[in-house]
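What follows is one chain in structure tokens, specifically the form predicted alone.
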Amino acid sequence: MIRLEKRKEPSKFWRIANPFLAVVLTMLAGAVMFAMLGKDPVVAIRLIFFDPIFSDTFGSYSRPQLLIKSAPLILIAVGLAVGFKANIWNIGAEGQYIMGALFGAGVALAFFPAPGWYIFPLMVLAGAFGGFLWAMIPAILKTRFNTNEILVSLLLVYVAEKILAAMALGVMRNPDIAGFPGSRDLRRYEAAHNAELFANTGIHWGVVAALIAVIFAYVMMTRHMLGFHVQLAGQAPRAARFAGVSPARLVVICLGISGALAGLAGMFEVSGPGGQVRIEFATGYGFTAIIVAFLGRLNPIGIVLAGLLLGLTYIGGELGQMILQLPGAAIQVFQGMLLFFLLALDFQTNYRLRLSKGVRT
């Protein structure tokens, strides 16, 4: 008979090994899925994980794209991880990402076509404020009325998407191009363009911000009292209250940090790779960042590695759609498998399998 036995202490080995094992199982399950779709599974896996980096044919384009795709995932995931550590569940980062983009683009379009070094810094502040403001809705409702932040933040994503569509079709619509939804292309507005800092590297200010956020989060979680309060609230809520930690204050801080970072990610995207406010602007980075946070074990350094891996699946997915005609939904399922296997394997951290002889009666 096989039974589960609770470990006296969580296993450090399985805590580190499970993400790697989840990646391997995802590859195997993904290969089966691609085979069922009538595609060569070996070619599909190679296109997703290896060709974007090592192929001479695609590498020159894909390697810079890796940083471009990974930066918003890392930036959002770092903010989410702070809240998740305290058992504060912001599932609506996608909405905060959208609002940050709208606030940042709004500043740029308000100044257009004026030049000025101060425009981009104002966009950065506006983007962070937009995400922060959107995150404060579930934060205030949680602290004042004890609502569920998971449901509120998630439902606000759909509200943000409606606002995005309204802006793309209305106030922010490019007046110079009649009949087409979408704002002016911010990549053509030098004062507002989040351009590459070094040509053909993919490094722009969003990548720099992601790196700063990782360092900030690591120092905060390991060296600052706020990080201690966050971890204490997540591991022992009653002890946290006895230690003087205010649950309401922590909710506001954690949701505020995650909202501001998601808003920044949206601003850097709309002023750079995305280029304009359009109905299709939301690409699911806010949801994928949840996978990144858990795959990185809510650790800032782990999140960097997980963000690069998930960024790779975005680039490989694009190659798969172009070369193998893989459906876009298949890549989303593939990413979802990664989280599924990670959560399924996590029982090994706290439990072990034991074989025992059946008892006869």
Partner chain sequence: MILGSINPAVLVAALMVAATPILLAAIGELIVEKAGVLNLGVEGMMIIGAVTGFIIAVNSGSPLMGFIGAALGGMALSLLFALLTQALMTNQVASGLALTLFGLGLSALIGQKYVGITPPRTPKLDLGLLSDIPFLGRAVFSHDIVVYLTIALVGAVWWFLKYSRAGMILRAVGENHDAAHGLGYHVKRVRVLAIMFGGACAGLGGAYLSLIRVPQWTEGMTVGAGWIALALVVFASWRPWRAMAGAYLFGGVVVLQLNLQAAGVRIPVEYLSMSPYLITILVLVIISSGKARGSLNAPGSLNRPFHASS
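Just so it is clear, the model here is predicted, and its values are computed rather than measured. Residue numbers count along the first chain shown, from 1.
Below: the form predicted together with its partner chain, not depicted.
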Practice item. Examine Leu156 and determine whether its closest non-hydrogen atom to its partner chain in the predicted complex is within 4.5 angstroms. Key: yes
**Study point:** its partner chain contact in the predicted complex: Trp14, any heavy atom under 4.5 Å
**Key:** no
Review point. Does at least one non-hydrogen atom of Pro41 fall within 4.5 angstroms of its partner chain in the predicted complex?
Key: no
Review point. Though only this chain appears here, would Arg249 touch its partner chain in the predicted complex if you measure heavy atom gaps against 4.5 Å?
Key: no
Check your understanding: Looking at its partner chain in the predicted complex, is some heavy atom of each of Phe294, Gly336 and Phe340 within 4.5 Å of it?
Key -> yes
Exercise for review: Work out which of the listed stretches, 255-263, 103-111, 286-294, 212-220, brings a heavy atom within 4.5 angstroms of its partner chain in the predicted complex.
Suggested key: 286-294
**Study point:** Residue (of Ala191, Ile203, Leu133, Ile150) lying close to its partner chain in the predicted complex, criterion heavy atoms within 4.5 Å
**Key:** Ile150
Review point. Among Ile323, Leu66, Leu37, Leu305, which has any heavy atom within 4.5 Å of its partner chain in the predicted complex?
Key: Leu37
Revision key, fill the gap. Within 314-328, the residues having any heavy atom within 4.5 Å of its partner chain in the predicted complex are Pro327
